Structure formats: structure tokens, C-alpha cells
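Listed next as C-alpha cells is one chain, alone, in the form predicted alone.
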């Protein structure tokens, strides 16, 4: 049997994956773009209505504000977890990594409902505080931005920990030891030697959490109770409740463009190839 040229073999391997991407991802995406310009009538009326709507503007502001708060919370907690696992956990490292990965095996829906059990008016947190005599009446811990951000940080935390942990694993402890040997304090060695080397992992985690948070739906819908209307939930209302496919599609396109702009802006300041693909090197 004659041997196929390398270029032909390459395309035989790539074409099936490319076809799947076109049929199941790009084609539906183009359909959404088409609907945004054709329903209920041809033109840019959906986009005009979108830019004139104060409710849409408010939803976008809430979405970006919650995404930023979630990203900051995940970076702070994720950095501490990744740092401890990479530098201090020895025998317990497999167990700690398993605990980080454990949320991936549990549905986001179940994790979000568990926060309702914890934060509800008759939830574990309020009952404990009342039982300890710290408060007289239940605190409002959900159906507001506090509850949404807290639950989203819990859901998104592994996406921040894993890139930073992979980056920290590639950092040699000899650099910090050398700085300490030259007279630097432990904090100075961390700040000037160790921390700058972890920035690719930090930026990778930040970008991953922020982009995923922009389109998050389940947790804000459950913990927000309709009072914290992120743009993904607003799109759902337009399509399921009002059957307004045109405006819903236009909002989806706007969210997609906003996400692309965020990535382009990040690309101006961060080497995305290094941050996302070569973080473990």
C-alpha cells in the first residue's frame, strides 16, 4: 500500500475535528448572528433597541462587576491554595489536589443548591449565628450580589487554582534560596523573586475565571433570585418568557463580542500563548 504524503495525512487527521467544529459550533453561531438581524424583521432594530435599553445596560454593568469581583476573590484564595500545595504540602499533596478537583465531579446545580441551604433565612449560617446569640434576626445572605459572588467564587475557584499550581510547579526553589542566601528576608525573596515568576499562572487563571464568569447562568439565577440579573439570565428571559428571539440573539452576539474584546485587551498586555499553553514549562 503506497504511503500517503505527510501533508495529506495531516489533513486526514485535522478535517474530522474541523468538520465537527464547523457543524456543531460555528454554524449555530452564524445562525444566531442571522436571527439577530432578521427577527422579527430584517434590519438592525434589535441592536438599536439593545443600546437604547437601560435594563440591558444595567445587566451588562452587573455582569462585568460580578465577574471582576469573582475573579479577584478566586485569585486571592486560589493563590494561597496553589502556593500551599506547591510549596508546603508534601504527603498531603495528592489529597489536596483531589480536593481541588472534587468540585468538577459534582454538578454546578447541586453546588449552587447547597449554597441555598447554607445561606437561606433558615439556613445553617443564619441558624448558627442566631443560636450563638450574635444576631437577633436572619441576615439576607442570598438574593443579592453577596450570595452570587460567594457561590461563584466557590464554583470558579478550581479554574484559578489549577493554572497557578501548574505554573508554580515549574518554579525552582533555588532562586528563592539564592535570594535568602544573599541576605533578603523571606518576604522580600517572595515579593521580588518568587511572585514575579508566578504572574503567567496568575494571568492565566484571571483570564479563565473572568471569561467564564461573563457567561455564567445557573449560580446567578439560583442565588440571585431574579434580583441580580446578569446578561445570561436576561437573554434567557427574552427567549423563554417573551419569545423575543431577535433581541435575545442580539444580546448573545453582544456578549460574545464583549468577551472577544476582553481577550484582545488581555493579549496586548499578556502573552496569551505563554499564559495559557506554556504555563507549565
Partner chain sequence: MTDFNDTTDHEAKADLIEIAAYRYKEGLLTRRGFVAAMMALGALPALSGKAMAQAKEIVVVNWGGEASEVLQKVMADTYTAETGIPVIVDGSGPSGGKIRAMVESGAVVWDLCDSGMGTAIILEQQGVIQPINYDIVKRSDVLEQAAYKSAVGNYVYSYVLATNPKMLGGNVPQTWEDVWNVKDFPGMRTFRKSVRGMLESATMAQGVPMEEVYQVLDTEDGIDAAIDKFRQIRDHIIVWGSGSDSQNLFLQEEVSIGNIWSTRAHLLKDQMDEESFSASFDGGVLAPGMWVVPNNNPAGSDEVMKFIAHTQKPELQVQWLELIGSGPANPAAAPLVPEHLQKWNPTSPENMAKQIFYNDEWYGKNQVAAEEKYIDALIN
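Remember, predicted model here, so these are calculated numbers, not experimental data. Numbering follows the first chain given and starts at 1.
One more form of this protein, predicted in complex with its partner chain, exists but is not displayed; see below.
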Is residue 211 one of the residues lying within 4.5 Å of its partner chain in the predicted complex, judged by heavy atom distances? no
Any non-hydrogen atom of residue 165 within 4.5 angstroms of its partner chain in the predicted complex: no
Proximity of residue 237 to its partner chain in the predicted complex, heavy atoms at 4.5 Å: yes
Verify the contact flag for residue 116: yes if a non-hydrogen atom of it lies within 4.5 Å of a non-hydrogen atom of its partner chain in the predicted complex, no if not. yes
Among 66 to 74, 53 to 61, 252 to 260, 25 to 33, which stretch has residues whose heavy atoms lie within 4.5 Å of its partner chain in the predicted complex? 53 to 61
Between the options 192, 121, 111, 93, which residue brings a heavy atom to within 4.5 Å of its partner chain in the predicted complex? 121
Its partner chain in the predicted complex: contacted by all of 142, 229 and 242, heavy atom 4.5 Å: yes
